Every structure is written in structure tokens, then in C-alpha cells.
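Take a look at this one chain, the form predicted on its own, written out in C-alpha cells.
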């Protein structure tokens, strides 16, 4: 074996190890974020799906229930139960769509989001921890990480859609 091919083999093996390490770290991140969300949900008496839908409504709302169903990957009947609980808890409001009075849009109630942010970012210490993590990296490195995470999120969306994760 030539010296060049030996270094190529080493490079390929190294890349495989790094790929596995990245995938494993993303799995662990998913587990820890799920645990954090579960803790927030327990404090607010919200289920995981309720919290996910509320996050989507906050980010993309006002939004139609059918569009929310697609975004969340939930069956419309399941979503109806979630929206009923969120509305009963004062987290969301259902309004007539200003563009189509026959349709409904859901929006987050102002003020309630602060409770969730306080738990996720302040009470849990996540905001300060993330600031410390980000402080270790140069701007260019943070741009790379942000781009990587965005691309990974898009890949996850494609994978979820492939498996039928948007059932609307």
C-alpha cells in the first residue's frame, strides 16, 4: 500500500468517526431537549404535543389549524384536542380569518409566552449555559454551526415527511 493511499484510508476512517460522533451528539441533544420540554410542560400542566403546537403557533401564527396540523405532523382530529386544551388554558385564541370569514386561525395569547420563555431560558439556566457555550466560538464558527443546524433541521423535516410525519 502506498503512503498516499494509507493517509486516504486514515482520512476516510476519521471522517466516519466524526460523522458518527455528530449523529450521536444530535441524538443526545434531542434526548436532553425532550427532557427539558417535559419539565417545562409539567410545570405548566401542558403535554408535549401541546407545547410543540404552542411553539409553532407562536413562531408562525396566526395560523390555520390545517397548516398547523401539517407543520406539527399531527392528524387534524388530534390537533383539535390540543387546540381545545390550549384555548381552555388561556394559551391561544381562535379568531376568524380576516381574509376568509368562514375559516379560523389560531394565535398565541399575548403575555403567556413569557411564562414558557422564563422556564426554558431563565429558570432552567439554559440561556446562560448557551451563552457560555457560544462564547467559546469565533463568529465564523458560530455561523458554521448555525448553518449546520439549519441544514440538519431541514433534513429532519424531509425525513419526517418521508415517513408520513405530516398527516394533514
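Note that the rigid core is defined as the largest set of C-alphas that superpose within 1.5 Å between two forms. Positions refer to the first chain, counted from 1. All of these numbers come straight from a predicted model, not from anything done at the bench.
Below, we turn to the form predicted in complex with another copy of the chain, even though it does not appear here.
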Spell out, yes or no, whether the shortest heavy atom distance between residue 115 and another copy of the chain in the model of the complex is within 4.5 Å. no
Consider residue 159 of the chain shown here, and say whether it contacts another copy of the chain in the model of the complex, taking contact as heavy atoms within 4.5 Å. yes
Considering non-hydrogen atoms and a 4.5 Å limit, does another copy of the chain approach residue 126 in the model of the complex? yes
Please tell me whether any heavy atom belonging to residue 45 falls inside 4.5 Å of a heavy atom of another copy of the chain, as the geometry stands in the model of the complex. no
At 4.5 Å by heavy atoms, is each residue in 63, 77 and 102 next to another copy of the chain in the model of the complex? no
What are the residues of 121-160, in order along the chain, with a heavy atom within 4.5 Å of another copy of the chain in the model of the complex? 123, 124, 126, 127, 129, 130, 131, 133, 134, 135, 136, 137, 138, 139, 141, 142, 143, 144, 145, 146, 147, 148, 149, 150, 151, 152, 153, 155, 156, 157, 159, 160
Once the core is aligned, please say if the CA of residue 94 is shifted by at least 2 angstroms between the shown form and the other one. no
